[in-house]
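In structure tokens, the next block holds one chain alone, the form predicted on its own.
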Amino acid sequence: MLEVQVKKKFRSFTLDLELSAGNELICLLGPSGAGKTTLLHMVAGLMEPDEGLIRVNNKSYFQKPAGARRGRQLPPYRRRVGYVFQNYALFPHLTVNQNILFGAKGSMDETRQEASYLVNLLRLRGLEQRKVTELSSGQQQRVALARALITRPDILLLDEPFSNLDELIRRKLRLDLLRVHRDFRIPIMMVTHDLEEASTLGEMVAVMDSGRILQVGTREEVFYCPRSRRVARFVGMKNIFDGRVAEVKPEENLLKVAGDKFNVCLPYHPCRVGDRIVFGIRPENISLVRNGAELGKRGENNVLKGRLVEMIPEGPGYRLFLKTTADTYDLEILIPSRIALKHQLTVGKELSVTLRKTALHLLRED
């Protein structure tokens, strides 16, 4: 169990946030300078907040009420915290085994058994006597993770642990981290700028900016139901539009919107006719319409016509840019390669797409 409620003034901004979680893997998303690494430092005891509390497994790491002259700040060595830094911070003159065992507590037999368990868990068998300088970056990352876990910490902190690795290694290490989380069942706080990483790993996702948490929730809540325009941009919603409420029909679960670019139907939300609103849809939730397809009520399925102005290969699919107005483009669409081949897509082709009513999401203006 993790409980954080801290405040600290800096020259450029004030970090002021609350966060609580069980034994989940929490991904911290946000721009550089948002305060993500600062939050990790506070939990680890490397930086002291001005006020607030930090509690892990009902043990108080920091406590200082607002206005109090003194508080309780537990030093780092008395906190059961595992920390993996962005640069790994391994000892180059030591072997893999020596790095893992460094700082371990308990009897020699116990620590050797724990080290052997971690070597197996993190696929390091056969590398124990090698110097860490002889290892690949991915292997070094696994050594750093094993060293952080050797003391059986109550919480694990990861500061962009995979940022310096190529995509193939990153994918393998994500599986390693999921295996660690399954075996240890402790809170894990991970700083990342990678949306795919946050979506893959995060049981909880917290979006931070300027020292504050803009939204925290499950990956589905944050990625598919962002609260505001700013959060939507951070989590890759891309298609964000302004409009005005044209008609409200609660009995039909329907909200008709006259958008600045096109008209759409959204699920009902308490609004008044004439209200200005912001709405959005993720690129992967826009579908191409087959010629002659039956879509029921055309208006409620939000069928739009446009011209494909660009298509860019992206992973196992394509990112399409569709022009429906006089702007350069109006919609970003993400589709698998097989769909692109099926529709024989080429730049300049006229397309029909559907923005499903249930996939459209009402956003709060920042």
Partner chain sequence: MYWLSVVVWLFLILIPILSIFGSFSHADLVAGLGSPLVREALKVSAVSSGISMALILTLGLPTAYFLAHSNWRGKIFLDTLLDLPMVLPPAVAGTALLLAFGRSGPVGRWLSEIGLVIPFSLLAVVMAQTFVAAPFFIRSAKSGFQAVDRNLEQAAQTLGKTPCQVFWRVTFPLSLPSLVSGMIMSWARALGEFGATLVFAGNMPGRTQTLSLAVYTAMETDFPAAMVMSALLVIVSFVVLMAVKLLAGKGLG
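Positions refer to the first chain, counted from 1. Owing to the predicted nature of the structure, the values given are computational and were not obtained by experimental measurement. Rigid core here is just the name for the largest C-alpha set that superposes within 1.5 Å across the two forms.
As for the form predicted in complex with the partner chain, it is not shown, yet the points below apply to it.
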| query | finding |
| --- | --- |
| Asn87, His93 and Arg147 all contacting the partner chain in the predicted complex, non-hydrogen atom within 4.5 Å | yes |
| Listed residue that, although the partner chain is not shown, lies within 4.5 Å of it in the predicted complex (heavy atoms), from Gly274, Gly103, Pro250, Gly126 | Gly103 |
| Heavy atom within 4.5 Å of the partner chain in the predicted complex - the one residue of Thr200, Gln139, Gln73, Thr151 that qualifies | Thr151 |
| The partner chain in the predicted complex: contacting segment from 44-52, 62-70, 314-322, 337-345, heavy atom within 4.5 Å | 44-52 |
| Val81, heavy atom within 4.5 angstroms of the partner chain in the predicted complex | yes |
| Distance check, Lys131 to the partner chain in the predicted complex, heavy atom within 4.5 Å | yes |
| Cα displacement of Thr218 between the shown form and the other one reaching 2 Å, rigid core superposed | no |
| Core superposition between the shown form and the other one, C-alpha change of Ser116 at least 2 Å | no |
| Yes/no, Thr133 Cα shift of 2 Å or more between the shown form and the other one with rigid core fixed | yes |
